[in-house]
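Listed next as structure tokens is one chain, alone, in the form predicted on its own.
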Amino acid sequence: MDRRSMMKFAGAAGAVAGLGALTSPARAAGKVTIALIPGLTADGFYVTMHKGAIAAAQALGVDLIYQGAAEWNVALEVPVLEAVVAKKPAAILIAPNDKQQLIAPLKKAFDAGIQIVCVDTFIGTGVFQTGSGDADFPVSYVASDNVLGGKMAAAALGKAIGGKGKVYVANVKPGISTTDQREQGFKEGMKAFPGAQVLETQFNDDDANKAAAQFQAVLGRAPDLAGVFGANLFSASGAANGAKQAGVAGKVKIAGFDAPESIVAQLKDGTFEMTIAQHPAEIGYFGLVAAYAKVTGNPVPTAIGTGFTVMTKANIDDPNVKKFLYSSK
């Protein structure tokens, strides 16, 4: 994370975006094929990432394979990975569902001669090409700075609750690199508000209904609950639904992470105080360019940081902000 945090987006972009400068020895033997395996297919974040990868593939003349599971589930992602490996692409972009359980399957693909680029999520520590550890073999990690995003959410939520009160993190499950880091960043950021108390994290297995039920359970134990940070889309939307069902929407402040099109109405009606929008199209675009650069013999940064945008009721109608909503189609 530290190396990725230090990288400026413009510098990373410049390192891989000089498309005309890329040498292409692989083209002599035919078109390069690169695969993208999303964390799950039924999600606007990954739909938008796919669009970015398509744009890069078209610019570079790459054949793009897109294949994934409909749910965030290691047991479903591994067979997808194996099916993609059987197609023998030159490289695979993948959002691993677990930072430990995907190490062995991805190492098997790498040993078969396929380059690996992690997008959005990572394996191991996310620090690659170090020559140490069992998970340093991927070419690069392309993602938002999730720790910083968590800190930004804490700053906004802490201000919204007046710097005091009880808050908790609605999260997916332990072991997912991105949401682990967002929780870490949020908790670090909340230290700036000594009057606030961070309660025990609630893990919902990416189930919005479960997140809603957990919100009501926490509210029952802590009727003075002041705020919630939803570490991903389903956690945040589930908590928001729970707040509506309990009649405290707008009273209990909710900070979200990710920006589906539906977030516009929820920001405007006060259900969400703010949300962090990643730039998944950039992740897909630069992930594919990095993979192409590697397979055609060009240098690639081991970490590429893409940006994010803070969305609020006050700025959501700004075209320069609204353009970062995730497309559902």
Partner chain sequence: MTTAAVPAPSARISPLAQVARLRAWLFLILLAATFEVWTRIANGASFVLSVYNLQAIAIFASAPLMLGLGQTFVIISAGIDLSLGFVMGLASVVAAHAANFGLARLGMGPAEAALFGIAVGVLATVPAGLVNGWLIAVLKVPPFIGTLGMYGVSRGAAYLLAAGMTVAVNDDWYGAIGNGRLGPFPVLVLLTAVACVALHYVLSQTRFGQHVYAMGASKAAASRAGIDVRRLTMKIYLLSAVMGGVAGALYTGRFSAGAPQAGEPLLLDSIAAVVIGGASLFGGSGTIWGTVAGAFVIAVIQYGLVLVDVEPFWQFIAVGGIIIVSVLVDQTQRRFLGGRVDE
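What you see is a predicted model; the values in this text were computed from it and never measured. Residue numbers count along the first chain shown, from 1.
Missing here is the form predicted together with its partner chain; even so, the following discussion is about that form.
Of the listed positions (Val139, Ile176, Leu148, Ala208), a single one reaches within 4.5 angstroms of its partner chain by any non-hydrogen atom in the model of the complex, namely Ala208.
A heavy atom within 4.5 Å of its partner chain in the model of the complex is found for one listed residue only; from Asn171, Ser237, Gln181, Ser144, this is Ser237. None of 125 to 133, 182 to 190, 78 to 86, 217 to 225 except one has non-hydrogen atoms within 4.5 angstroms of its partner chain in the model of the complex; the exception is 217 to 225. A residue is said to contact a partner when one of its heavy atoms sits within 4.5 Å of a partner heavy atom; Glu282 fails this definition for its partner chain in the model of the complex, lying far away. In the model of the complex, its partner chain lies farther than 4.5 Å from every heavy atom of Gly52. Heavy atoms of Lys159 never reach within 4.5 Å of its partner chain in the model of the complex, leaving it off the interface.
Put simply, Asp98 is far from its partner chain in the model of the complex: not one heavy atom of it is within 4.5 Å. No residue of the trio Gly256, Thr312 and Ala314 has any heavy atom within 4.5 Å of its partner chain in the model of the complex.
Although its partner chain is not shown here, in the model of the complex the stretch 231 to 246 places heavy atoms of Leu233, Phe234, Ser237, Gly238, Asn241, Lys244, Gln245, Ala246 within 4.5 Å of it, in sequence order.
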